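Consider the single chain below, provided in structure tokens and representing the form predicted on its own.
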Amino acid sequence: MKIIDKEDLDSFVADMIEKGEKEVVGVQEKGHKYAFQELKRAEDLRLDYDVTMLPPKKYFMPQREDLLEYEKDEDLSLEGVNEVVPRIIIGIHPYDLIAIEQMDRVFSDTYEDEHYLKKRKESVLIGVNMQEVSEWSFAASMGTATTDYGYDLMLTDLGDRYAIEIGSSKGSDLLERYCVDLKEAKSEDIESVEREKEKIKESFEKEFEFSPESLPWLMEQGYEKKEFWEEHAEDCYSCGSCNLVCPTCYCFDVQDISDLSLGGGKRTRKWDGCLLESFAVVASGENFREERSERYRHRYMRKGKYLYDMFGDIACVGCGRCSSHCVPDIADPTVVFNELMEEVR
């Protein structure tokens, strides 16, 4: 662990921006909200935010990206496309770091997705322990309010300075290249960081009334509770907002788009979500989840059981984005899961 004064951290960020060896991304204000965006000035960086509108996964799995381009000739030439921009991403909260770890497993499993993995390889992740907690978040219940892994560097605000935990050679190389005034952490600094982490865990108002380890069992028991799912899905607009802001959702649609001349085109993929009505429609026109309540249930099954069965992960990190973006306010996992537990007990 290292210690850096706050003004020196500003210089560290400014130097990275000025050198331009990698694109520098950080959390910035967007009206009354926050978003990850390219940093042009170090003073625009906000490390005291509560939650961003979209998770940083958008840099590894863009909302829309081209996969290949093709041209119609005698041999039908195909050319793969993968726009990889080396990036330093600053200010990632622990729950988003854990979500990225889950995404890494998903895109490495069975078929290695080079479009995702190359972007991940060329990125440096600088985390920050929360200073403000979103009113919608329940990360403490999910064990994601703090983390000991998944970052290259991790910052903790200690008043007039930051503690920097080094998580990888990428992180130590970055400090060596751009930081000139680092101090070794003393035992009292290490203790201060641990106290800050404990304070963070106690700052959450929303919580589960049971251990999240019980979620796979709960979802299995609650799957056939048809009236429960119909009642909770009654006001759902099927807009998919909860899917599209989720840091662990990775579904996408692939489309081939031809030029007007029909002489070529490209293949693209874009984010998709299981709450959207067309998500489970197949070529014959059949919709395997035509009912709104079935789509609503599927989303919670995916969070609490399906991904757990595949990878051993609960696919919810408690960020609260789904709740805050839901217009009819029916997407809060703490409400749904707590009420379902009462139903099945």
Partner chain sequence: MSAEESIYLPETATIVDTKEMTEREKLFEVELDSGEELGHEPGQFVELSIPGIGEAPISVSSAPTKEGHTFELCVRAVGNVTNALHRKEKGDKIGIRGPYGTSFPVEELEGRNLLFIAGGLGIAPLRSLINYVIDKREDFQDVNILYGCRKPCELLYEDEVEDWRTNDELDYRETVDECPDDVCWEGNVGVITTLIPGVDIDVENTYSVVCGPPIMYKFVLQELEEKELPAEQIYLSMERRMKCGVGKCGHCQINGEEGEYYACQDGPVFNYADVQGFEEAI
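Residue numbers count along the first chain shown, from 1. Under this definition, the rigid core comprises the largest set of C-alpha atoms superposing within 1.5 Å between the forms. As the structure is a prediction and not an experimental result, all values here were calculated from the model.
There is also a form predicted together with its partner chain; it is not shown, and the following applies to it.
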Exercise for the section: Check whether D253 has any heavy atom within 4.5 Å of a heavy atom of its partner chain in the predicted bound form, and answer yes or no. Expected result: yes
Exercise for the section: Mark F279 yes when one of its heavy atoms lies within 4.5 Å of a heavy atom of its partner chain in the predicted bound form, and no otherwise. Expected result: yes
Problem - Partner contact for V106 in the predicted bound form: its partner chain, 4.5 angstroms, heavy atom - result: yes
Practice task
Answer with yes or no whether E220 is in contact with its partner chain in the predicted bound form, where contact means some heavy atom within 4.5 Å.
Solution key: yes
Completion exercise
Only hit among R46, R292, K57, H298 for heavy atom within 4.5 Å of its partner chain in the predicted bound form is H298
Problem - Proximity to its partner chain in the predicted bound form, single hit among D272, E196, D189, D152 (heavy atom within 4.5 Å) - result: D272
Exercise for the section: Can you check 174 to 182, 126 to 134, 222 to 230, 159 to 167 and let me know which stretch has heavy atoms within 4.5 Å of its partner chain in the predicted bound form? Expected result: 222 to 230
Problem - Triple contact flag L67, E114 and D309 to its partner chain in the predicted bound form, non-hydrogen atom at 4.5 angstroms - result: yes
Practice task
Pull the contact list for 70 to 88: residues with a heavy atom within 4.5 Å of its partner chain in the predicted bound form, in sequence order.
Solution key: Y70, K72, D75, L76, L78, E79, G80, V81, N82
Practice task
Determine, after fitting the two forms on their core, whether D259 shows a C-alpha shift of 2 Å or more between this form and the one not shown.
Solution key: yes
